[in-house]
Every structure is written in C-alpha cells, then in structure tokens.
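Quick setup: one chain, the form predicted on its own, written in structure tokens, and binding and motion questions come after.
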C-alpha cells in the first residue's frame, strides 16, 4: 500500500464509526488548534490523510471521507497561515482520483471554505476549475464507459459547487470568470484536455449561473477558435497553382478524385485531404462540433435568440476583423441555420447595416459586404424574397453612390463601392435563377444594377475578373482588367470533416446552382437580351471616356496602388500572390466556387 496510513489518536479505522459526527469534528479541531501550542503531531497526521489518493483500501476511503467531512465542519478553526500545508494538500486534490462519496465530501469542504472566508474564495474556485480536466493518466480512460461515468460524476459536482458558492457569495461568479479565463489551456495542450475544458465553459454558459458568466464564456470560446483557426496556414491547405479564379474547385468533387490520379496542368487543388494529420485542424474541427452541439441544445431550450446576441457581438469584435479566419465563422452560420427567421435574418441585416454606414471604417465595411455576399450565396435556408431585399439594399446604395460620385475615377477612392458591386455580382452568380423570371424583381433589382455597372466608375474593370466573367456568362468578352479587387468569401465549403457534416445539409454548393444558369441564360438569349450584351455595351460606351484614364499606368495617374493593396489586403485571409498581375484577354467562362486565395 505504500506509506502506512497515519492515524489520529483514539481513531483507529476499526473504531472510527463508533464516533459521532460532532466527536470527529472535535478531534479535528483539536488537531488544528494544537499547532498554535507547538504540538504538530496530530496536525501532521491530519495532513497525511489528505495525501492518500490512489489505490485506497476501503478503510482508507472511509477515513478520508470522514476526515473531509470533519474538516468541513471545522473550517472556522483553519488558519491560512498556520495551516498552509493542510490547505495546500486539500487544494491539490483531484476529484477524478476518488469515488462519489469522497468526491462529495471534498466538494462539501471546498464550498465550506469558500463561503467561510473571502481569503479562500479564489483558492477554492481555482481548485474547482482545475477539476475541469482529468489528470494526464486519466485521459486515455475517457475512451471507456467507466471513464465517461467518472467524468460525469466529477463535472456534475464541480458545477453544483459553483452554484452553492454563488448563492452565498454574490461576487463569486465574477471571480470565477477571471479564474476560468486564466486557466484556459493553450492551443498546444493535449487536444482532449482542451475539449473537456471548453465543454465546461459551455456548461457554465448554459448552467444556473449562466446569466452572470455566459456571454463572457461564449466569447472566450470563439476567441480560442480564432486562435486555432489562424494557426492553420494556407500553405497547409493549398496545392498547385493558387492564382486561379475563385470558382476553381468544389468540395463535393474533391472526395471523388482519385488520390493517385495526376491533376491537369495548372489544376488547382483544395481538399480536406491536405488537412489530414494536421493536429490543430482536427482540434478545431472537434471544438466546432462541440460548439454546434451546444447551439443545438440552446435551440431546444429556447435560449438560442439570447445566445445569438452574444455571437453577433463576438462576430463584430473578433471574427469580422480576424486575419486568415477560415472556419470559425461557421459557428454563426450554423446558429443562423437553426433559426433562419430570427438569427438568419438578423445576421444579414447587421452586415448590410455595417456596409452602408459611412461612419464605419472602410476595412470593416468591405469585410462586412464580403461576409454578406458569401452568406446570401451559400445559406440554403434563406428565402429568395429575403435575399432579394438584401441585394436591393446593396444596389440602391451603389446607385446612390454613382449619382454622387461622377468626378474622381481613382479606384483607390472607391474601395467600398467596388466591394459592394462585386458582392452583388457574386450573389447573383448563385441566385440569378430566382430573379430573372420575375418581372417585378427585374425591375427593382436588375435594371438599377445595369445603371451601376454601366457607370463611368467602371466596376466591371476593377472587381475580380472571375466574378465578373461568371456573372456575364460570356466567355467571349475580351477587355482589359486594370486591377483585381481583392476580397474574400468566407463561407466557402468547409474543409473540416466533422464540421462539414453539420453544415452540408444547409449549404448551397456551386454544383447545385451552376447547371440552372445555362438554362436561364438560354432563355435570355431567346429574348434577345443577356448579361453578355450588358458587359459588351458597357465596355463600348465607356471606352472613349476611359481611354484617357486607363491608357496610363497607375503611377502616371498618381494613384498610390501600394496603399490600395494594403487596405484591401488587410481583409484578405491569404497571402496576396498577384499584386502586380494585370488580367487581360479571354478569361475562363466557367469557374467554380471560391476556395482559392484570390477570393480571399
């Protein structure tokens, strides 16, 4: 058994049950007070009992349980100075090492200490938070049913203790926030430890003290997701030439590709296979699924609308401005999918409001409209009428912008405008079928858009060529693109396997909508009109006006393109690889959804 169990005088294991609770508490108090007179023998025996944690015999378990209960009744006699070794032993104990009876006694002692003296509050909270995760030796046992049973026993007691302490100490939840945030494992800890810790944070959000700590817990979880997200570099995802258009590869097609097959010359590959073995990606995938499941429970409990307010706030603070975020944004996407009528519409409305507000910084407005474009394009759960209303807000704003900006043709001065135009065209690449055959929508949406695209600010020559070309559906246009407007479409297909299984049922893939456009544009050709004509007419009408401007280099025009690139690249979540490239000649007429860095 190792060290021989230390015993109190007159308290042999065989006789311990003959004592009443009050008599045992009295013995413990005597051991505590004897320290003050210089007699440490009984006190040292008391401390020794606390150090027994593994492979205890039944009598040892009984003695430990009894001692913990006695200490809970004698907390008024514990002094933080004279009994520091005892306190240290208590706070280093882990409930994971004991059965339910000892765990109950230990939780009772911690609660008693926390509410007896403010000096112990933080120590008690830290001890409870340390029990969020099991000792390293126990991690592998979590794969077994016994390990999961122990996990449930421990965590239920930990969270019950939080509630009891909060009932007696109103400021305890605020202190708990600090303790939990300080104790969060780093992204380099063992993944199972991080998962269990985050699971407890989400349990706090939905628990009885969630009203006080919930929003902060949820925002901290999103922050940790972002930290992991940005650790996954695009070098780990992209293969081959990533200077292609933004519709190059569809996730649905990737799983069907023979791993041994050779790609075509210049073929762009973006696959979840490229993330295989990436421990950070796997951890992020598991954390996202954990968060999705939490959102589902919130929806079942009728709390999703309240939780969504926190997600919106977190999105604006953390996600919207995050550099290289690739997956975290699917948290809010999934929340919207669970409640399209409220959360789904609120998210889009928030984004469009950010875009049209002149008081917002330019990078914020450009990022917001990129999120809006990707969201409206990909969210299967949004109605066509709502998507149309959002597009109308964008078109109306762009049209008003054209009416008030007729002089300065410097693209550096119109970043927000071009981002809005590009967003509109991108959404229509996915949603045009819903609009072209409705006369009212053509009148309210497409006709004003034609005025915008024909304006001398010339958005068709500044927006991403791949978006313009897919929008025009021509394959025949041959005009020079003077500048690529870098942006990103953050709700591209998710490459995380488990996460994708949640997102896929409510996600619009390009393969779902692309074939319908061929039919739609065939109908347009029968009517004698098409977007091809719009592009060609626009180029012809503006050629003379633009010659004096586009015939010169940007340096000759006095345009600081480095500054232009810098501002736009702040939104980009991938390294810019075509900073000096000018597009010209024929552009590919069929380009697949945006998973390449050009879109980002």
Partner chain sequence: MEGLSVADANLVVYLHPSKSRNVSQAILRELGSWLFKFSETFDGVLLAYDVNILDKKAQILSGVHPYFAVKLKANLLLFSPKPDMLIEGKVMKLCQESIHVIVLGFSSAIITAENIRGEFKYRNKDEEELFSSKSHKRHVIKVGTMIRFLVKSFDDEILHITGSLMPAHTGSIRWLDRNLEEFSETDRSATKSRDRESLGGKTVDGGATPLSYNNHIKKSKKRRIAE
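Residue numbers count along the first chain shown, from 1. The model shown is predicted, which means the values in this text are computed figures rather than measured ones.
Only in words, not in the display: the form predicted in complex with the partner chain, which the text now covers.
**Student:** Can you tell me which of 223-231, 451-459, 154-162, 72-80 lies within 4.5 Å of the partner chain in the predicted bound form, counting heavy atoms only?
**Tutor:** Residues of 72-80 come within 4.5 Å of the partner.
**Student:** Work out which of 310, 364, 94, 116 lies within 4.5 Å of the partner chain in the predicted bound form, going by heavy atoms.
**Tutor:** Spelling it out, the residue with a heavy atom inside the cut-off is 116.
**Student:** Out of 171, 148, 384, 181, which one falls within 4.5 Å of the partner chain in the predicted bound form, going by heavy atoms?
**Tutor:** It is 171.
**Student:** Do residue 293 and the partner chain come within 4.5 Å of each other in the predicted bound form, heavy atoms counted?
**Tutor:** Although the partner chain is absent here, residue 293 would stay clear of it in the predicted bound form, with no heavy atoms inside 4.5 Å.
**Student:** Does residue 126 reach the partner chain in the predicted bound form, with heavy atoms at most 4.5 Å apart?
**Tutor:** No, residue 126 sits far enough from the partner chain in the predicted bound form that none of its heavy atoms falls within 4.5 Å.
**Student:** So in the predicted bound form, does residue 25 come within 4.5 Å of the partner chain, heavy atom to heavy atom?
**Tutor:** Because a heavy atom of residue 25 falls inside 4.5 Å of the partner chain in the predicted bound form, the answer is yes.
**Student:** Even though the partner chain is not shown here, does residue 402 get within 4.5 Å of it in the predicted bound form, heavy atoms only?
**Tutor:** Answer no; every heavy atom of residue 402 is more than 4.5 Å from the partner chain in the predicted bound form.
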